[in-house]
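Shown here is one chain on its own, the form predicted alone, set out as structure tokens.
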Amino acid sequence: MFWRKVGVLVWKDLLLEFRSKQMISSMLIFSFLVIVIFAFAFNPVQRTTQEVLPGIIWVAFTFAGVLGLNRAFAVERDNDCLLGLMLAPVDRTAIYVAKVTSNFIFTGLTEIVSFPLFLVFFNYHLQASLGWLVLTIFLGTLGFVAVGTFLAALASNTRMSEILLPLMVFPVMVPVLIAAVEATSTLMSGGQWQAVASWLRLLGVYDIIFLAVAYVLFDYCLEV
């Protein structure tokens, strides 16, 4: 029953977004701008570019993700729908799980579109094991979305949520960003599982801890 309610809420978010296309379009445009700017700023044949490319990729992913997170509760806030969801006969943690799922889908779609463009614009021949690279991006994105969704709900009650959210998200996201960039850099340079195992374990532990903490505290977050 819980997951059926989560599915209904996720479907609602997906339906609203694919009708308006406000969130996904802004995230894609931002990612594309990052790609174009850095592609002209660096010479694709230089070794320096190959070393900084993983960091550039995660800059695009995280900042585009923040744009999406800022919109995560905007519809409910603008139309006073969040109160309706709180009064509905639904476990409030289902709202959190649904929002995490929706935000993960939108962020994942942005990454699926933008990552190949990075490789094309920077003329980069991927040497990484695709499976481990996908796992790294998955774990990094999950940690980012899990924390970001909780903080977006907290910031949605303020007037300056668009400014406040990045200030809250990025300090908490430092371990995820460091681990994700290091793992991505190692994999894209041809490294194997042994070289990235510790970073992937850090991402996994971070995801589990902060998903659990946000899940427990989300009910109180809505009351703030």
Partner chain sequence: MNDKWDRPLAGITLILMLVAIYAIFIYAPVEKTLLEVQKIFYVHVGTAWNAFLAFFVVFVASVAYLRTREARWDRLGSASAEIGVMFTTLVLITGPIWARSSWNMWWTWEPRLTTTLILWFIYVAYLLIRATAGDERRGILAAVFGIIGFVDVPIVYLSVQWWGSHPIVLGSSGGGLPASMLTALILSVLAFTALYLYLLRKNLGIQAVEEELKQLKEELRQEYD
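Numbering follows the first chain given and starts at 1. Here the structure is a predicted model, which means the values were calculated and not measured.
Form predicted together with its partner chain: not shown, discussed below.
Judged by heavy atoms within 4.5 Å of its partner chain in the model of the complex, the contact stretch among the candidates 172 to 180, 49 to 57, 62 to 70, 26 to 34 is 172 to 180.
Among residues of the shown chain, residue 167 is one whose heavy atoms approach its partner chain to within 4.5 Å in the model of the complex. Mapping the unseen interface onto this chain, residue 154 counts among the residues with a heavy atom inside 4.5 Å of its partner chain in the model of the complex. In the model of the complex, none of the heavy atoms of residue 41 sits within 4.5 Å of a heavy atom of its partner chain. For the chain shown alone, residue 106 is not a contact residue for its partner chain in the model of the complex, no non-hydrogen atom being within 4.5 angstroms.
The candidate site formed by 133, 144 and 194 is entirely out of contact with its partner chain in the model of the complex, as no residue has a non-hydrogen atom within 4.5 angstroms of it.
Scanning 197 to 219 for heavy atoms within 4.5 Å of its partner chain in the model of the complex gives 198, 199, 202, 206, 209, 210, 213, 217 in sequence order.
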